[in-house]
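The data below hold one chain only, encoded as structure tokens and taken in the form predicted alone.
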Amino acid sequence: MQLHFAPLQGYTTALYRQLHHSMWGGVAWYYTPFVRIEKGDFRRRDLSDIAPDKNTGTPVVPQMLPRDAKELQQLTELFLSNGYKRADINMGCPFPPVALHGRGSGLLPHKEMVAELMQATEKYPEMEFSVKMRLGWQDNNEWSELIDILNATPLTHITLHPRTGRQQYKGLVDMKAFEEFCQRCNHKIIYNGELNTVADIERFTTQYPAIKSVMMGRGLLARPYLSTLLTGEHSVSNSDIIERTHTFHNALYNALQATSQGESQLLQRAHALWEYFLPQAPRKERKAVVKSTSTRQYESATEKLFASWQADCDNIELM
């Protein structure tokens, strides 16, 4: 099973990707948070995140968020100028500020626009394109109007999250629609959606043995060590996982400290990490971390959390 790391804005930064790759490994490709055009130009933070010197040694695919063929061409040329040979087209972002402006999953009801985007990719034979998408924006059958267009486009793969954009991350994934999509799609398919543990992936692969790749986002942010376990290191002990996770956290925190302007910004960025990170950690100690009001409190609380977790490591289900 090949594992791909989904992008999440504000979380899977170049810094995070490099640290995860060096400390855990097991990921075939890391996708950058989407790069978009805003007020006719590229956003500075996007340019910084895809800069080659910040992504050296990490298998990275930049993701674009185009609204039309012109934007796709601009973004493709940006990626090529930075040395990338792969690009992922985001047709799945569910957030209303994006989708309601005709980007992400907001593209899916517009067959003509999708056709223009796919046609524009053929102008760049030197770039390998893939698509990340949902079943539709509002209707879980919107994909069926697009599948012939997608099948006719040279793509390395399609990543499908079987929900609608309107659902965002609520409700159940629609596996019946996923199966119908698989039957009609000619491309390699990567599955994305509600994979959070090793057991989740093992159940999926048992049910869908023909699918050889999955994409995880929130699940890997919560349990960054899963990529190591999925490569075959099932025999690694809970104690070792916790120790390595502690080291990983401290490396992230030290890097944030080196790039933050003052205590307030550092604390804000450190707290943001815990929105997804280690929900399975000891509840009382985790609450102390997220409620800390100074970096001194934060550092003390995280040390107590990992010490408590390590002390009870034999009674914890981590996978």
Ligand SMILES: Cc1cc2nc3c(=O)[nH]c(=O)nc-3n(C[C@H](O)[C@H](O)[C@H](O)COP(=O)(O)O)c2cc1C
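One rule holds for the numbers: they count along the sequence shown, beginning at 1. Since this is a predicted model, take the numbers as computed values, not measurements.
The same protein also has a form predicted in complex with the ligand, omitted here; what follows describes it.
Figure note: of the listed segments 190 to 198, 203 to 211, 72 to 80, 236 to 244, the one touching the ligand in the predicted bound form, with heavy atoms no more than 4.5 Å away, is 190 to 198. Shown alone here, residue 124 lies farther than 4.5 Å from the ligand in the predicted bound form, counting heavy atoms only. At a distance threshold of 4.5 angstroms between non-hydrogen atoms, residue 282 is out of contact with the ligand in the predicted bound form. Interface membership of residue 107, defined by any non-hydrogen atom within 4.5 Å of the ligand in the predicted bound form, is ruled out. For the chain shown alone, residue 90 is a contact residue for the ligand in the predicted bound form, at least one non-hydrogen atom being within 4.5 angstroms. The partner is not shown here, but in the predicted bound form the stretch 148 to 184 reaches within 4.5 angstroms of the ligand through a heavy atom at 161, 169.
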